[in-house]
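In the block that follows, a single chain appears as structure tokens, in the form predicted on its own.
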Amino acid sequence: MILERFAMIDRIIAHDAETLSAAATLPLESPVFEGHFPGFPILPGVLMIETMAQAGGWLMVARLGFERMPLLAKVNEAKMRGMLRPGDAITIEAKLVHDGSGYAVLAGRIKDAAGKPVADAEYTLRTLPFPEASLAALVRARGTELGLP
């Protein structure tokens, strides 16, 4: 996980047409932690939501054959159930709830190393054609690095 670059997923563990599981480890140090909170660093809830949205984004990119790019359009509901600290290993899950008319609704969840839910959300992604072939190529290359075929 590289917080400053919003690279929230380290690797994709498994996926099919409707689900994706990914893994990440929070960095031991990051400027994000310097202010959230001094002396007791935790991952901000908004970055937990971004992490779940990225897992869903990778699911949609794979599902749509790397032809469309997903953008976070709406967070319907989100719950932060615990804290994530520097060095924590997490599993991120995304499950497709609905796909149609250029929008996809997904359910996301983050679990800690013990498998305990830390956050979950239902969110909507808007899928659009890639504006440039070069961006599509970069996304495909990153997807390959993460473990997508």
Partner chain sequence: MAADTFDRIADIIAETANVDRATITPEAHVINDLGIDSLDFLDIVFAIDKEFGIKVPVEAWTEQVNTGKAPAEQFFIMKGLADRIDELVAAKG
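Since this is a predicted model, take the numbers as computed values, not measurements. Numbering follows the first chain given and starts at 1.
Omitted here: the form predicted together with its partner chain. The next part is about that form.
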Contact residue in the model of the complex, from Leu26, Val118, Val105, Ala121 (heavy atom within 4.5 Å of its partner chain): Val105
TL;DR on 51-59, 33-41, 79-87, 96-104: the one with heavy atoms within 4.5 Å of its partner chain in the model of the complex is 96-104
Looking in the model of the complex, any heavy atom of Lys111 within 4.5 Å of its partner chain? no
Can any non-hydrogen atom of Arg11 be found within 4.5 angstroms of its partner chain in the model of the complex? no
Evaluate Ser21 for contact with its partner chain in the model of the complex, applying a 4.5 angstroms cut-off between non-hydrogen atoms, and reply yes or no. no
Should Arg126 be counted as a contact of its partner chain in the model of the complex, where contact means heavy atoms within 4.5 Å? yes
Sequence-ordered residues of 70-86 touching its partner chain in the model of the complex, heavy atom within 4.5 Å: Ala73, Lys74
